[in-house]
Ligand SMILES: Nc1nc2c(c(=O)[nH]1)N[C@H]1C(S)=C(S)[C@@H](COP(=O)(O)OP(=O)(O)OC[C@H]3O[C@@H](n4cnc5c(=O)[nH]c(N)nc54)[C@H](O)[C@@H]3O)O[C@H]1N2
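Next up: just one chain, as structure tokens, the form predicted on its own.
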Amino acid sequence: MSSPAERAVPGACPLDCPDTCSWIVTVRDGEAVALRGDRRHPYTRGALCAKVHRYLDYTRAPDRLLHPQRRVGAKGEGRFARISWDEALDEIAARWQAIIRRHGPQAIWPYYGTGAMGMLQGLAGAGRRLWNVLGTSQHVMTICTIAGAYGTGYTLGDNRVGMDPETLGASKLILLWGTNTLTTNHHLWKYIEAARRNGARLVAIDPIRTRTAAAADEHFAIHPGTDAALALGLLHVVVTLGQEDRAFIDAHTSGWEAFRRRILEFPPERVSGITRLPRERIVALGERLATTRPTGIRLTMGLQRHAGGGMAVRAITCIPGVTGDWQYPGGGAVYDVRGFVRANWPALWRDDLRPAGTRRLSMTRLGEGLLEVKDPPVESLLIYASNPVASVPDQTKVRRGLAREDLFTIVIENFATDTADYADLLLPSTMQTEHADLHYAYGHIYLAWNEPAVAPPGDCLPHTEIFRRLAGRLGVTEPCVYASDEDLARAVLDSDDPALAGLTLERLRRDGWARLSVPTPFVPFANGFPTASGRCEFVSPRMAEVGLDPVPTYTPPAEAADDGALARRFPLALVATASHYQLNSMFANVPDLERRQGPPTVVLHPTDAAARGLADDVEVCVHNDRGEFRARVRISDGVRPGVAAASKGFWPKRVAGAANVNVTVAERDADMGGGAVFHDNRVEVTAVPSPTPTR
């Protein structure tokens, strides 16, 4: 029996992962003493990942930031002196008011990332009301999902909808396309295993033999950035066999004849040349796809991080429209399901308060924004839930921008990251066990409430409270910027959408989580799509309006598919995968996880290693014209010839060479939404000379 001083507090993991695990914090005498997954949750079922199961230790780490600080050294040195919250807020208010008088509010850029995914403390909510009232530049989240979201939206009518992942247990053929499920979405695996026990075949399509690909029945080691060509080649097999579902096509799709003509442009022999996969394997998978119902496709964000990424996701999400799989439980494709949470976003964000014409600045063009944008120039950057020195493209350019002496930079953080080292003011924020938040997921259809379990340590404050206090210092009179966390949650839940019926804050606080009010099994498009036509749109008028090909096609990557001069200089197509022990750049400073992750590595095929005279564990320089980073070679046939694989997320200052993989990545856009191109990157790998021995 629990003691009177012990209580169980429901919450949810805040991190950038599809699973958004529900958890329970055990609190004894005001201290969090245990953390476990909530076994009642139908999707996450009590399991936590290798990164999160010691989250309480993370909150108590000796290097955690606990007090506001002001820079006393040069930018980038990371030398600070402690100050009070009053001093920090007064300085921000004075500096911002001067900037606004000189250049206007758009000279201020609130810059945030996916370090916190909640509706209140994270990317969906924190601060947006205040930024709208002030009229600052708008921050555009281009780092993760946006190209694929656009591609999904052009096909299905909503950027973030798809099949319910829980129904994959009913699939007979499962394609895991560009996703390492066992590392980045592991709660889905139990549904995949259930399907396999019932005879389903599992196919992984990925340039790298990941943990997931190794566990699949088949692995298709596709060349990076050629996924759209494979999708069209598989459909070519379906169509030439006459296995398209004409009844579904006639009733629920538009533009079939134009799409059919496009499919016929991609016979397996052409697709083999593009993807570097054997023709006979493409045909065999196409035949299986043609005859297996239902087929479920899980795709995630990695495959759309190249110049043709949006079109790739569009082509893949059209497959179930041709095969008719959208009508079955276990059929369809899923990229992101947040679109099913039709919450009252206008009430939360209050975009109606934003002045017309405020400019938009892209997250993944930070270097450009700081060094090249004028009229007005960016004079102040406020960074929260983000570590851009480690996580955005063109690391060298980003560092140059952050080093500007005339740039007033505020960083809100839990730890002294590489980005924090460039701050003029460094402010400590709470972690998930210390604040309230409301969560939805991009990998399942449940909402969760995170109740604060313990008091914050030191002077740490929630993002929402920091912004309320800042609004007061700035003299903002708009009442909505001072709303409590509970009032913000109630506002966003106040929706007339049937899927949110009965999902009140009170219910979520009582139970910890709730499934959307949708049928079980949830087959969202059996009777229509949320497009203007009500159909799955093989031809998209909206794409034509913005100058894109309205019919799904293959858009080559800008670098990865190159076989000309660029490839002769930089022969290897580099992809940077998610780590099993880090999440983006989070946990990279945890000694135990850092040890388990090991130093940065680059995986090369034996033929590529031999051509360079490289052996296992040799230190190398991975480089192109944009920059270089150090890594250790790992030789494996888990990558195909011509492809190199590294891991993202390392803090530059904690690794040899003080740079990570993003130093080589271009500050360039994908085809849709301005998405990042992390996997559209060519490099060379050369040995680091051994130091000359000293006498």
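Predicted model, so just to flag it, every value in this text is computed and none were measured. Sequential numbering from 1, following the sequence displayed.
Keep in mind the form predicted together with this ligand is missing from the figure; the text below concerns it.
Contact annotation for residue 18: at least one heavy atom lies within 4.5 Å of this ligand in the predicted bound form.
Though the partner is left out of this view, residue 183 does reach within 4.5 Å of this ligand in the predicted bound form, counting heavy atoms only. Heavy atoms of residue 552 never reach within 4.5 Å of this ligand in the predicted bound form, leaving it off the interface. Not displayed here, this ligand is kept clear of residue 380 by more than 4.5 Å at the level of heavy atoms in the predicted bound form. Considering this ligand in the predicted bound form, the lone stretch of 164-172, 247-255, 220-228, 511-519 in range is 220-228 [heavy atom distance within 4.5 Å].
For the options 106, 114, 327, 624, the residue carrying a heavy atom within 4.5 angstroms of this ligand in the predicted bound form is 114. For the residues 137, 531, 300, 540, the 4.5 Å heavy atom test against this ligand in the predicted bound form is passed only by 300. Contacts of stretch 380-398 with this ligand in the predicted bound form, defined by any heavy atom lying within 4.5 Å, are made by 384, 385, 386, 387, 388, 391, listed in sequence order.
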